[in-house]
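Just one chain follows, in the form predicted alone, and it is written as structure tokens.
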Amino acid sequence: MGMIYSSSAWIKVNLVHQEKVFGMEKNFMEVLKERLDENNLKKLLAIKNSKVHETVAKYIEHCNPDQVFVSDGSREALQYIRDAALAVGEEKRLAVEGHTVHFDGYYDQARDRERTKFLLPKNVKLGPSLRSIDREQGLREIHKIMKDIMRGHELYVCFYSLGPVNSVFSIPCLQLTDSSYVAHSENILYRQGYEEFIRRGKNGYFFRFIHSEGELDERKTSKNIDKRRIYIDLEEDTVYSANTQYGGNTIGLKKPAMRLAINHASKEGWLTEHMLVMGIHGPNNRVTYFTGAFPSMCGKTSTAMLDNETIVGDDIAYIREIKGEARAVNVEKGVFGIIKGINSKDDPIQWKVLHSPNEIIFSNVLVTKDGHVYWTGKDGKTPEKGFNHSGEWWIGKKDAEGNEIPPSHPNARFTVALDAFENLDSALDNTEGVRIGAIVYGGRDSDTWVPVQESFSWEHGIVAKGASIESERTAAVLGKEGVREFNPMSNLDFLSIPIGRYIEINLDFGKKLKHHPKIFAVNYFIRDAKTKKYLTDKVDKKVWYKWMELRVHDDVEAIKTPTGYIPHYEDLKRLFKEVLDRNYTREDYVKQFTIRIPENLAKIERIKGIYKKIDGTPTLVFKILDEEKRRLTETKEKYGDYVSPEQLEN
């Protein structure tokens, strides 16, 4: 679980390191007494963990904020941070009560893959796909960047819990940030952990997140993005983030914490996954819990928000084996959701929340002069002008590169607590998690997978579905959109262990289970090979999940294909009528569920080629992919390149 010391040993080791890096002569209690007022010092010292005190003192002294606020998670503390975000200009009030807007810098709108690196000792290797830097070099660099970086700012010391508090799943977290927007966001997204720190006393590890937005420009956005860094130190469970405000780089408990948790999970026998958790409601008031992994902007949040179903979480899950069952919790208690395309017809639950007086932070949307927001894909006409991430905006405005600027950024977001949603599942804070009935994998795939299919086994699902995800790049990461990317379990960006080891851990997890969740693959983005038009509607996923729920309980039969089990037409016809009140034609069914053998064979070769270059890939990966290739080849010899589901039905 990384390098974990007792409190006294940790302090001794880190004081030596501290003097080496910082040249700090005072002990941490002296610093705290000098820099904190009586009330904030009292709140901090109520936590009896010297490691917490030393961390706070170290970065107060090094980053040098003008003042320090310690949050104890009380109503007053949360309000203080809300007010601060407005006072310093990181957020602005909107017309609807509780709504605010935040803008990131024009070139600070997505996760920065290139500058997100692991700090690794010389003898540790994670593999060529995971970016890293020598640990000592990286620590010197980030601490040089962060020297006096908070001068003129206020430091917020915040405490959280990943997962429900007082649970086998919970991980305490300490966040230090000089961004009131980041602190406000985390107060919405995560469970308060101050009492959890007090309860644990001197014992147990915790995650640390040290963030500074750096110098701000006149728009209150990070100015020195050439010095943007996100560095992850697995040895001390610490993430450093500097000169950035975008949530994916700065909200430490989100994807940065995933990297720390994956490292711990790999050594402790559980899973940290980039997954939604939701309840699908079946016959006779039955609720079956699903997890699902999708790369960003591939339908994960819209799936988690399906009307008539219930949401536990939309992004990150911890999964443990408890009494032979796979059980999952939502790490968070809120949503940092992509807002593009949300409309009243397709997303009624999200639409209602976004138009109600809840506590919501909108980011990088268009704000009109009357204080309302507009985003790409919203109902109604696009406003002619307003204010957005580029400053004053008008239709046809172009950036310095000559690109037309949309009214809202493609990666524009909203941050809101889950208790604002009418479809919140009552199991959100269940300390034992929910029993997983099904795991779903999906990505942005225009030409290969059918809309929904069930794997043959746990191993087949992990390898041929989860470990074989390819997805076209979206606006959620910096770089050229549309490029097909390998993304096992949609978790590649967040791995802190070698890929081969990660696949092995997922395979091994199944060996612990007496009751295996069924594994499915979905594809919301399949297109007609000739016209390139989408073959499914955005809302069709409602039907796919109802079918999967029935399959979990063996309530319907399925057609065996070379790549998995697919639905019978009559079952889908009935479900389309029941769920969407729509007549589902056999013609649509055949187009959607035709097995595209050349594309599937090409995919297998691509995936095998990737894994052949990855050290430590389990041999089972190649065995399962070769078996699928054999089934596809035999089917091709019998039926041709493109095989209708009706040909396989008999």
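Keep in mind that what you see is a predicted model, and the values were worked out from it rather than measured. The first residue of the sequence shown is number 1, and the count goes up from there.
Absent from the display: the form predicted in complex with a small molecule. The rest refers to it.
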Evaluate Lys255 for contact with the small molecule in the predicted complex, applying a 4.5 angstroms cut-off between non-hydrogen atoms, and reply yes or no.
-> yes
Classify Glu236 as contacting or not contacting the small molecule in the predicted complex by the rule of any non-hydrogen atom within 4.5 angstroms, answering yes or no.
-> no
Gly214, heavy atom within 4.5 angstroms of the small molecule in the predicted complex = no
Would Gly248 sit within 4.5 Å of the small molecule in the predicted complex, counting heavy atoms only?
-> yes
Within 4.5 Å of the small molecule in the predicted complex, all of Ser296, Asp315 and Arg413 (non-hydrogen atom) = yes
Pick from 448 to 456, 130 to 138, 240 to 248, 375 to 383: which stretch has non-hydrogen atoms within 4.5 Å of the small molecule in the predicted complex?
-> 240 to 248
The single option of His184, Lys465, Arg191, His274 touching the small molecule in the predicted complex, heavy atom within 4.5 Å | His274
Since exactly one of Arg111, Arg444, His409, His99 fits, which has a heavy atom within 4.5 Å of the small molecule in the predicted complex?
-> Arg111
